[in-house]
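To begin, one chain is listed below as structure tokens, in the form predicted alone.
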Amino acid sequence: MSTPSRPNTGSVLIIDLTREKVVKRKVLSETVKRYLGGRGFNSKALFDMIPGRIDPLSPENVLALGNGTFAGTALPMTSRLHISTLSPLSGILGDGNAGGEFSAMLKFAGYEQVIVTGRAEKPKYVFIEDDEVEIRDAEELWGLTTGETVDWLRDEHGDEVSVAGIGPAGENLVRFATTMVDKYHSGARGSGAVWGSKNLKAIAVIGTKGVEPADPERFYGLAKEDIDYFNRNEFVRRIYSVIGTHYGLIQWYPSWRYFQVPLSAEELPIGLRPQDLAEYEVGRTQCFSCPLACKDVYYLPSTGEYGTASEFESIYALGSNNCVTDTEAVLRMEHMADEYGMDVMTLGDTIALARLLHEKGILSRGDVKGVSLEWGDAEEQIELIEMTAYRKGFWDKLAEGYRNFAKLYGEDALAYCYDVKGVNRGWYEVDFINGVFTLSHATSTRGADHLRGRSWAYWENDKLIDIEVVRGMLEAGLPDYRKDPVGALIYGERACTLADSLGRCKGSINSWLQAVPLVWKYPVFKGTAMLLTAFTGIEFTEKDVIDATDRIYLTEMAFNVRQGIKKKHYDVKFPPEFAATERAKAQLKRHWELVDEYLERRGCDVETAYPRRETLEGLDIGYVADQIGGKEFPEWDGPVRGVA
């Protein structure tokens, strides 16, 4: 590895809320080469700082906010802020990322990462302006919605300030509360409750230093090539920048009535079609450094409010999965979730689960205390969302989130809970897409998820956007999911790990093209290696990029091992009625064959799912093996509560 003459790395800001102490630590070039940034930095910090099973809502938990490597640069779509913690929803790694301008501002202030530890005695917020960092009283902010919080901080510090923080749901420790960035950008379900447990309302940042690549001519030349590609791609101009993620409503089969029916474009009810949503649209907006403008801006006539980013997940989870088809009501619910700071998928799916359990008599009328839970009742659902954010009455239980909620009602309720490691993402047959869907949900290091490798494993949308790019990747060695689903998924996981570490958006329409810079010209990761070399001054090869993503992923798997994850937790859930069939049993056998092959090819023990020592040492992280090797950890059954 060459020594860069001008390493382009800032500092890590470590904030101890208990002692109200701030420490700055320079990021080493070696750390950039090994972990890249963003998710990579965060996952290493969590493994190093959280020694074992603790209550995620205790002061011992760690909250990490990481810039991507390319934050603040002209490389398009690189403004994602990665947020990581031990999740109070799942009890394993909980992470995610959000757009907006915070990531760029933090970079401009000179920081790559913020790590928050401890718990403040009273509500606080952190104000960062370049080298100045202050922990300030936030008692006036406590109780405000996310939008009101941003407005208050902009009145105090100026319109240029960017804000990450929480709403009332995070303060009330709703287990699927999220971190909200600049009002409308949500990331990392569960992280909002960790902010609340630390009495931390927000972090506000102003940065003025800018960013300069080590080799500006080379870096900006490559960045321009990437921008030009998106500017000339017809699909991008026609779909991304016009209907954004609403495209999924006619392509991705949103579920109806708690995952009972996948809806085709022809079956989509009036009210939830892209053209119905477009009637409320008054503009479009984008994150820092993004030329696509994939997010809508909508107006709600009944309340006089404006909202943004009504995405596919909110329309299916709050709308079709609950049989709610009133367009404005669904948009209003999405806006309320943003204002209170809650993840729309867990919110919508948990309400739908409650409806199903009530319908089946597992939840009694006495349990729900006068709430009807009728499918499609939009007005009641709006009330339920507010009651959940404030943990009022019965809905205090719903605020526990999906599997935790079902667990309160025993095995009969858990039988209808289609989670993996405590996180919801519906259910699928193993035969679907040659096992890719179910395997990707099982192997995701944050629980069932569509943004951890699934769409990339079978080029879900790249086939529609630019088929020549798919052909180029296959020629460059990308495994074909039709012949090698496990190999294809591992590459998909690498793509997502890379995007999360670079700060690159994986796309309103998930694709290799958006997640991996320059993949259309230099497949598969060669373009990324060229950009990293030009930006950091550190020599990167394609193998270095792959090794970095594997190092991050294996570190996350080891983190979850310490939280009690065993091989049995790589399972797949079916509805009870289907699970009893011979077809389901045959599919389950196929699933476990794929899991075994996956663990073997990831370098893990096939019996325990622990990463092997030789694998970790081969990635130069033998210290991770020292932490898990030869040890038994109490079996995971959701988040730890109280004393560890």
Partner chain sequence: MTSLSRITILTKPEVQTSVQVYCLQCRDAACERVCPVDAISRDRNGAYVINYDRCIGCRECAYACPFGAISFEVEARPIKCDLCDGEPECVAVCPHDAIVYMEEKKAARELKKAKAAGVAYGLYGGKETPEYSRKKAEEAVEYLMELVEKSGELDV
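Numbering follows the first chain given and starts at 1. The shown structure was predicted, so the numbers you read here are calculated from the model rather than taken from an experiment.
Beyond the structure shown, there is the form predicted in complex with its partner chain, which is absent from this document and is the topic of what follows.
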Only hit among Arg237, Lys360, His157, Lys566 for heavy atom within 4.5 Å of its partner chain in the predicted complex is Arg237
Have a look at Lys122, Arg482, Lys369, Lys543 for me and say which one sits with a heavy atom within 4.5 Å of its partner chain in the predicted complex.
Arg482
Report yes if any heavy atom of Glu134 sits within 4.5 Å of a heavy atom of its partner chain in the predicted complex; otherwise report no.
no
Considering non-hydrogen atoms and a 4.5 Å limit, does its partner chain approach Met557 in the predicted complex?
no
Would you check, heavy atoms only and a 4.5 Å threshold, whether Arg551 touches its partner chain in the predicted complex?
no
Is Lys573 close enough to touch its partner chain in the predicted complex, meaning at least one heavy atom pair within 4.5 Å?
no
Exactly one listed stretch (176-184, 376-384, 424-432, 105-113) reaches within 4.5 angstroms of its partner chain in the predicted complex by non-hydrogen atoms, and it is 176-184
Within 267-285, which residues have a heavy atom closer than or equal to 4.5 Å from its partner chain in the predicted complex?
Arg273, Pro274, Gln275, Asp276, Ala278, Glu279, Glu281, Val282, Thr285
